[in-house]
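Have a look below at one chain only, the form predicted on its own, in structure tokens format.
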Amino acid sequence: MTRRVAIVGAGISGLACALRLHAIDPSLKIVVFEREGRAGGKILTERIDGFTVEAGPDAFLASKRGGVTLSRELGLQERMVSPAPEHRRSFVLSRGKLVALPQGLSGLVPSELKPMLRSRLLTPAGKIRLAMDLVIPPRTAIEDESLATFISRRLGPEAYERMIEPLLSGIYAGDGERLSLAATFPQLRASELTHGGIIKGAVAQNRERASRDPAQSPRTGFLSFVTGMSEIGDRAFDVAKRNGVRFVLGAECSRVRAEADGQPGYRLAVSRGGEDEIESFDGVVIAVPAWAAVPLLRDVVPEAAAVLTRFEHVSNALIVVAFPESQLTRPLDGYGYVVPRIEQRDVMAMTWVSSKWTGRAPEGQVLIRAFVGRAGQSAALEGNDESLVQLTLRELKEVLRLDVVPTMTRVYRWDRGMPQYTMGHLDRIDRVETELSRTPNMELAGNYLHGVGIPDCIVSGEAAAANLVADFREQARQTAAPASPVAN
């Protein structure tokens, strides 16, 4: 029996799902429906007049499983690149001035105490309070707490506001007062319980990493590809098509219903080119944002749909500006800077793209990206694209003292693009997944489930594929099992 599977959404989650479904069971007939006219979702690289412009994420975290593994499976192992080592430093905008981010600060964790104590980001009192993490006993209560509460409790409010908060905003564009520790950085709580504190846990991790054979150590840091992040999306799309996956681009799935008369499977209502069609499938994977999944789940898993309506999202804009290198009045010697919420600025971060990545701008040109929009600070997004460009030019002038005339600008908006892992997130996910487990041959994938990064999305799509095939196999086993004899 040949089974048909529909995947709604051709972002990286949907692409990873399609690839894994074929790898597990090549007999499956897989159809991917995508509302946009291209695959890849938020992974979008444009090449404009010699510039390599990332409209979405510019890298993925190497240490998380999923990204490197899929890249290797797609034959991209020799295409992966790291940020330019000669510019390896970043800054924080503190009290209106750029201050270097201390070395040894990764994943919100200070793994070396001395650089923290030398940093100009903290006052003497703030440094003393940060060091107290070494002696403050662990909290034994088991209930969840916000990221802001946890970091402030361990490292002090000043370290949180001036050093840690801008880093987590760069990941979640969220409000640390509302983000769940258990859903975002559970390893920090584990360090507290296992080692007695954040710093002690980071030191223990460094020792464990140093004891490994370098040849066996996984890659670390952030990775991209020679010509940009779209390499992974484009290659995944091409390989899936070669595997027989059918992509229907420019097609919006508006409704999912169970087959009539209690028959297994689902009927999808799909709109394309002004025409509506109904197609039947044995299984469905919904790989779109939570807010877009709600109407698709409403008829088949109403309880899960109701929970998903409570998920919050933040909209963002990425503003790209290029200008002649001759207009620089200072070197952009670093990867860029992040902006603490307490600075009350519209731009929450800026990447100096042409310094961070090799070959992203033509000779003699500078390329930067500004990020606007985070929880509680999104008023600037109400303006038009030109207002966002002007905002970015003011940021360059006020922070970097650069009065530039752009050679190229672009604005990319991501409406409700960033899910917020607020307090209670894990309970909500558990309720959604419990309801899905009672609904045969229906799976979810995406960045609102168990992580917002590219590797998390890949793992999410692959897990959905594995679960769906497991459902198929269990149903086949039950169908093939002989009926139990009936006693006379």
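Quick caveat: nothing in here was measured; it's all calculated off a predicted structure. Numbers follow the displayed sequence, beginning with 1.
As for the form predicted in complex with a small molecule, it is not shown, yet the points below apply to it.
Interface membership of P166, defined by any non-hydrogen atom within 4.5 Å of the small molecule in the predicted bound form, is ruled out.
Interface residue remark: I151 is not counted as part of the site for the small molecule in the predicted bound form, having no heavy atom within 4.5 Å.
Among residues of the shown chain, E252 is one whose heavy atoms approach the small molecule to within 4.5 Å in the predicted bound form.
Although the partner is absent here, V8 is a contact residue: one of its heavy atoms lies within 4.5 angstroms of the small molecule in the predicted bound form. Of the candidates G283, P289, G156, G197, P289 is the one whose heavy atoms come within 4.5 Å of the small molecule in the predicted bound form; the others do not.
Think of it this way: in the predicted bound form, the small molecule has a heavy atom of just one of I30, V53, V68, A59 within 4.5 Å, and the residue is A59. In short, of 378-386, 289-297, 198-206, 89-97 it is 289-297 that has heavy atoms within 4.5 Å of the small molecule in the predicted bound form.
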